[in-house]
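Single chain ahead, written as structure tokens, the form predicted alone.
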């Protein structure tokens, strides 16, 4: 499996509160996770950084375990990080209210398991068709499902940045889990909303189909910057 990732703070933010991890273990598991932090002057980067470190530590503890259960390892790691982030925010006033999204995948053989809390996303590109396989936990997503707004209105709604689920804002968090069976040539995209809010789906699909695989994350970020992205931008691309 090929893996490439990149993050950029963008033009309008003083720092980058996005974090990501990606790689492969000796036991045959590949992974990629994007975390988009929120809260306070530096709370977002603290939260997203802690979650990424915890995920990485827990995954690499199982590095040689051929029988590891990826879903359990990931969910346990998120649960541990959630509790730690919450308790840290309660003891440090400057970090109060911090939290982070998480969206990513584990891949073993042809089984792709996606995990999501918040509005970072996972997509799969197959035969030129880009499909979102996670569902945002956001106010506008709820309004759309209720039929109160259209899909186009979601992008301009004044509450489009309000999420309804995140890691660390409470002592625990519910994480959505879904499975996709991959076929050869499938490409997976894990991205923060700094990308998906500023690059149209059809443009992302075109860029993801590029033959210059390892340059795709940079191309995606550059397109978001061209569109005056006002957020941090992160993309991980994986090819099965």
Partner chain sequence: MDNSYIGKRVDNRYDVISLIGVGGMSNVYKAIDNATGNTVAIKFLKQEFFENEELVRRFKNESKAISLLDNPNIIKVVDVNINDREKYIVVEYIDGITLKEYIDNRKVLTWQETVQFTGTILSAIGHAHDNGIIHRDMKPQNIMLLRDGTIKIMDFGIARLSTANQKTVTDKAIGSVHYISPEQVRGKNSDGRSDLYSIGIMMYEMLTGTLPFVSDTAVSVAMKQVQDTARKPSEIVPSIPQGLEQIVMKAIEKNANDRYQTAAEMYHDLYAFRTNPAIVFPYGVETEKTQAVTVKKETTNKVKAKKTKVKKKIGLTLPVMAGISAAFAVSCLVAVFFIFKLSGNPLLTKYEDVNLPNFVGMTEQEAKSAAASLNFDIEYAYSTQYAEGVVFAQVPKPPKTIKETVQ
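Positions refer to the first chain, counted from 1. This is a predicted model, so every value here is computed, not measured.
There is another form of the same protein, the form predicted in complex with the partner chain; it is not shown, and what comes next is about it.
- Between the options 132, 110, 161, 90, the residue in contact with the partner chain in the predicted bound form by a heavy atom within 4.5 angstroms is 161.
- This chain is displayed alone, yet in the predicted bound form one of 38, 59, 173, 46 has a heavy atom within 4.5 Å of the partner chain; that residue is 38.
- Contact annotation: residue 230 falls within 4.5 Å of the partner chain in the predicted bound form, judged by heavy atom distances.
- Residue contact with the partner chain in the predicted bound form: residue 73 places no heavy atom within 4.5 Å of it.
- The partner chain is not shown here, but in the predicted bound form it comes within 4.5 Å of a heavy atom of residue 101.
- Contact annotation: residue 83 falls outside 4.5 Å of the partner chain in the predicted bound form, judged by heavy atom distances.
- Each of 148, 157 and 193 is positioned with at least one heavy atom within 4.5 Å of the partner chain in the predicted bound form.
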